[in-house]
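First comes one chain, alone, set out as structure tokens in the form predicted alone.
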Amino acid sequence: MHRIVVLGGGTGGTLTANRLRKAYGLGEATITVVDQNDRHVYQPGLLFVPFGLTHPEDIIRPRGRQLHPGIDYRTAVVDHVDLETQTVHLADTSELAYDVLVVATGAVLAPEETEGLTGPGWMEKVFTFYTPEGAAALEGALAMFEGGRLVVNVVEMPIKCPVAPPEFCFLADWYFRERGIRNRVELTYVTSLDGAFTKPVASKALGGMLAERGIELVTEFNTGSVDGKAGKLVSWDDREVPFDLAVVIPVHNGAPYVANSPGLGDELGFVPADEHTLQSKARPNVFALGDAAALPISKAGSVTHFEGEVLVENIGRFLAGEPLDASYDGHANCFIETGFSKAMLIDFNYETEPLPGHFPGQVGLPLLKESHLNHLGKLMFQWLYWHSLLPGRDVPGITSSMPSHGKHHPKTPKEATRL
């Protein structure tokens, strides 16, 4: 009987375990999922909490209840993984032996790594919406905010859902206009990137949308410290950005146990893996997906979903002694809420920039364009998340590979010359 251990009960770990349970009968494999708590957060919903559009209790469910019968769920802290003996060591001194290990413990916020961030002013005039507690506290602060400079700051990449910070700016613009005080609020987006996003095409589009809404964009700002008492961000090269209210997205690292497991992770605690098979570079019987993996693609829920299809196929092939499927192409898509019941959708992969057109085909959601339809798509995604993605079901018409049908591809120089 195969022993499969999945570390992490979030998006990646849950959908992987559920897909594996459908692939293997109870007499073929034991599947164990380990996480340090039993609180599964629908993370895209955190963006809406500060604006009163949802509440933490509406986006949190027990982890164990999202897993299919026949999956063993353990609430425990992982101490380290011994790759040599193929053993997971838990903090309570118990051990789990495995034949295949899946690392899906996501990314962990590390606000303590930025000087002053959790000092004076933390959760008073300096907040983050990347946790349920932070998002709820920020809701109260925004409701009391009557004017001044609100700064949204990404300390360092990579982060979970890199479109969320500009989304927050767009929703803040909408929120203050709804309250009738937008003319008293100065909005500023401060990022370590050289633009509003990691992909040039989307970065240009988002940068233009920020400018249209009167939101200042400060780029290549590498935050060295946050002075909550004085109300200012200070970069490593001594540039300063003052604020009356700051929304900070802290440094992200991998789970602590990865750093305690020799050979498993990189210097940030993420797990290097093959870009196309998701097989770890540490050992052939270790796989990684989602935010926990060190791959050149966004740390987003859609990425995890698309990776999961290929990863589960490859676990089966590995156990059968067959060549792995190298079909994951870095497919990612993101709904970008832009306020006023509109959103934009981008779809891309390792090689292809976000393009205009429609997703997933000629008829579908508009790409690189604000629309009410995309807003409805983002809202509907929460239902799909709980009832389709997490249970490991396929979404009709959507596969792990990025669709090219329906996109408007730029003409090659040769084609342009013929015209």
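The first residue of the sequence shown is number 1, and the count goes up from there. Note that this is a predicted model, so its numbers are computed, not measured.
Although not depicted, the form predicted together with a small molecule is the subject of the following passage.
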| item | value |
| --- | --- |
| Partner-facing stretch of 111-119, 273-281, 124-132, 143-151, counted where any non-hydrogen atom is within 4.5 angstroms of the small molecule in the model of the complex | 124-132 |
| Contact residue in the model of the complex, chosen from 77, 97, 211, 230 - any heavy atom within 4.5 Å of the small molecule | 77 |
| Heavy atom within 4.5 Å of the small molecule in the model of the complex - residue from 31, 46, 365, 67 | 46 |
| Contact of residue 331 with the small molecule in the model of the complex (heavy atom, 4.5 Å) | no |
| Interface membership of residue 311, the small molecule in the model of the complex, 4.5 Å heavy atom rule | no |
| In the model of the complex, residue 301 touching the small molecule (heavy atom, 4.5 Å) | yes |
| Contact label in the model of the complex: residue 257 to the small molecule, heavy atom within 4.5 Å | yes |
